[in-house]
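One chain comes next, on its own, written out as structure tokens in the form predicted on its own.
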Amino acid sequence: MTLYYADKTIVLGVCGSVAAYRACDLASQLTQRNATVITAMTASAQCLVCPASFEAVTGQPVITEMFGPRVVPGIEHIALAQRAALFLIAPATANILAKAAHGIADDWLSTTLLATDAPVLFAPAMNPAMWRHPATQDNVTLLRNRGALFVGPASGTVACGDTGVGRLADRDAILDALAIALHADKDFAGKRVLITSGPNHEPIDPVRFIGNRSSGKMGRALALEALRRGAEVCVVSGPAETTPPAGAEVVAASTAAAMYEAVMARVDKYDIIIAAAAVADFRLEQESGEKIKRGNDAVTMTLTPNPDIIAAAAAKKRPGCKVVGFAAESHEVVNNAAEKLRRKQLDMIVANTIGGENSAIGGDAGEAWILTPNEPAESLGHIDKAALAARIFDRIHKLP
């Protein structure tokens, strides 16, 4: 997912929470995704984690004080405040939230937060009693009203043993929130996007099922791209390997029938419907209520067709709604996709090749084409799914 962070300068503010050690992993992950990460540590944070740890994973000097020898040209508070694409404060303590809310500037980090126009994303981590204290909640409200962004905190057991809301959000949730915050153009703001994702599992007996190799990566990439562009997102997901991004509503639907019911119950409430799930075309005519025992005789199973979710959604869509399908094909890819586009009356279809080493099913990338009713197929070549999701939304934006 380098696409989201590449060539961005991100200031990582690390404060004095026990969760400070987890910021090293965040810094490493962002650096691996080609971001330039400048770490600024409060005095309390330096008591918990050594600045050298951040220098090792980012390759950048760490800012530890306002007027110290470690402040080098280009990272003074005003220069960096103007250059940074985003400030991530992780972990964000009750102290830094109070300073930021009330304009207190008594160290490098709090001073620079006053000087920047870049987005600021807070990832709070503190004792649950501190988080729910009225003073902290008032400060959070003040910051939100000024445009500050928040991810977490999560619920669970914190370092002192207390349980409740106060844990630093998971790394992936923070990275998702960063990706959303870094995308300035919210061209889908006010739009509601419904996405199907992942495989279906059609039960054979209590322990077996018919499934496929879909990982849910395409559905996740689409959901994150929609969130990045300001849309409200609902993901109807089968039992996928990957989880939808933080910020999306998630509806679990293991079987094709359950997915059909979930989509049809929502279809008239959405502006864009994207069917990225690898829906099971067939299910058993009769599921066994007991485990089928091994024997010497062959087992015969009768399959019956599942409902066509995307065709039903296209038929029921409200005026102005755009419906986008996917066609995973092993041969005659473009021709088969064009026929599916016409037959199901879709506004757009994305064709992928399956089979072989470069199969789109289960992979991070694949060969893809975009087709619309009145234009020739656009070949995108071998493309990463995050980049493909961006191209899909670019084309949806241009649909008549």
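If you're wondering where the values come from, they're calculated on a predicted model, not measured in any experiment. Just count from 1 along the sequence shown to find any residue number.
Keep in mind that the form predicted together with ligand CTP is missing from the display, and what follows is about it.
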{"item": "Contact of D308 with ligand CTP in the predicted bound form (heavy atom, 4.5 Å)", "value": "yes"}
{"item": "Contact of A328 with ligand CTP in the predicted bound form (heavy atom, 4.5 Å)", "value": "yes"}
{"item": "Distance check, L88 to ligand CTP in the predicted bound form, heavy atom within 4.5 Å", "value": "no"}
{"item": "Proximity of E241 to ligand CTP in the predicted bound form, heavy atoms at 4.5 Å", "value": "no"}
{"item": "Ligand CTP in the predicted bound form: contacting segment from 371-379, 338-346, 36-44, 50-58, heavy atom within 4.5 Å", "value": "338-346"}
{"item": "Listed residue that, although ligand CTP is not shown, lies within 4.5 Å of it in the predicted bound form (heavy atoms), from M126, A275, A221, A248", "value": "A275"}
{"item": "The single option of V279, C321, A177, A262 touching ligand CTP in the predicted bound form, heavy atom within 4.5 Å", "value": "V279"}
